[in-house]
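The data below hold one chain only, encoded as structure tokens and taken in the form predicted alone.
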Amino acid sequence: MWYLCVFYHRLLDYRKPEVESLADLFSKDLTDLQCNGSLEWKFPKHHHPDSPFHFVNLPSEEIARSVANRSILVKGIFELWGEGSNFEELEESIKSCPDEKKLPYLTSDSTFKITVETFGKVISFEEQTERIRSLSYIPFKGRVNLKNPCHTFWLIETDDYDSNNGLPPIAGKRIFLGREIGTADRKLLPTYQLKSRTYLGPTAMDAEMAFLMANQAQARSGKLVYDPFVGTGSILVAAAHYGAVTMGADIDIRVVRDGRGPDCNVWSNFKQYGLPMPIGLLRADNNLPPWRSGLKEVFDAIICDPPYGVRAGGRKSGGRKLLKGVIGPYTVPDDKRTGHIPSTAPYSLVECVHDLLDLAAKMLVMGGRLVYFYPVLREDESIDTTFPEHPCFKLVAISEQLLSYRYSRVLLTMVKIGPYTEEIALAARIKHLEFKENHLKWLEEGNLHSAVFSPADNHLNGSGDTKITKDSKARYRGKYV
């Protein structure tokens, strides 16, 4: 059934993937949705693809309500009763809407409320009241209840404007009237905002993004979620909010064991929000996983933000001399094993992501999800923006977040579609070597930080204008996108 989906004008590339992940999570026929790959979408008349208004085909009203209530970026999902370019067309459209669709919500024993919403302009309270009165042709028989109505109806109006105001252009005015199916609860974002978090680090994930990642990974009660680069636990906090059992690891013992004291550590972040504690926080190396031989298919989801060298560089066990072959491997004496922390050396992004994919292929259950960030330099045409692959996974969503004039990070969502075998491991290794050979040196040598923060003058042409690239088309973005 088709519904009107109205988004917040934020993080535009994340909107559809979040809805599709949640629809897949709540659908009673998961196999059918996964085979289709994505939902059907279409745009209202005259609307730009970056518009917050979309039509989406969802299996049922129950699923639509569940998606809207859990989503971070959906303002509301509505059963459309009518639309038009003016109020006369709207009235005609509503009157032509089948009675069997409207009458169950217009009965005398029900209560209702009408909310007026606008996009691209602001109208006064008097104008809102006038618009509500213009709907008098709808045969409402129930009473108005503004606080707790049985049914809420939204009158949504867009204006016709070009792109000069920074919003996606709309060639013609459009007015919608719909019955509210569900709306997002954005109140949880102020609750979990970082500025009030007990324990923070330099790479702590923003609360909104952490919840989006948890939605992409389909975190929920009964699922086990793992973060191999846990840091201060921001991603696991979001997963735990949705009821998932959590577990994390980090190579820095000071993070997972000490924090900043007994009352300021990863555990205190969960205690602050009254969330279930992680079942374990390990001091572990992504390059040398601590799992016993033969252990596999343990986690339902792996969610992480790998260290790619912009705010923090990756580290792995071994030390420079050992990795370069200057000294041979050594065995830690028994009397020094307690509390021993191996020395570390730089860990390139290419190697880090390969190890992450291999870990996920081995440890995720079938159908489990791997959600992680990957960096992209946007304004250099020589940069290859292909993403790492693995035979066990299908890439189902790519969401880009612009962070500077030439640097962005891409959220990749992958679903495990095949079992992990020795043959698969060999094929993955070959793919990794091909990717490493054909990809850019900044990934291997760790020069991403200098590339991102290099002076802007280095990227100007002789006329003083910024280079025009193949991806220089207009992008209509909301605040903080």
Partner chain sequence: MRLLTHNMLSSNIKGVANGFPLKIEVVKVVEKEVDFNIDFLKNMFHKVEWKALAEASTTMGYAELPEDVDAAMLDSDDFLHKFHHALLELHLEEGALVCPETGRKFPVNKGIPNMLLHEDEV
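Given the structure is predicted, the values throughout are model-derived calculations rather than measurements. Positions refer to the first chain, counted from 1. Note that the rigid core is defined as the largest set of C-alphas that superpose within 1.5 Å between two forms.
What follows is about the form predicted together with the partner chain, which we do not show.
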Worksheet item: Taking P289, P342 and V365 together, does each of them reach the partner chain in the predicted bound form with some heavy atom inside 4.5 Å?
Response: yes
Worksheet item: Using 4.5 Å between non-hydrogen atoms, is R283 touching the partner chain in the predicted bound form?
Response: yes
Worksheet item: Does the partner chain come within 4.5 Å of any heavy atom of P375 in the predicted bound form?
Response: no
Discussion item. How about E389 - does it come within 4.5 Å of the partner chain in the predicted bound form, if we only consider non-hydrogen atoms?
Written reply: no
Worksheet item: Taking heavy atoms and a 4.5 Å cut-off, does P190 contact the partner chain in the predicted bound form?
Response: no
Item to complete: Name the stretch, out of 218-226, 396-404, 306-314, 133-141, where some heavy atom lies within 4.5 Å of the partner chain in the predicted bound form.
Response: 218-226
Item to complete: Would you mind picking the one in D206, E127, E297, E117 that has a heavy atom within 4.5 Å of the partner chain in the predicted bound form?
Response: E297
Item to complete: Could you tell me which one of L359, V245, L80, I175 places a heavy atom within 4.5 Å of the partner chain in the predicted bound form?
Response: V245
Worksheet item: So with the core overlaid, does the Cα of H432 end up 2 Å or more away between this form and the one not shown?
Response: yes
Practice prompt. Pin down for me whether the Y407-H432 Cα distance shrinks or grows in the predicted bound form relative to this form (closer or farther, change of 3 Å or more).
Written response: farther
Worksheet entry | Cα distance between D252 and H432, which in the predicted bound form differs by 3 Å or more from this form, closer or farther | closer
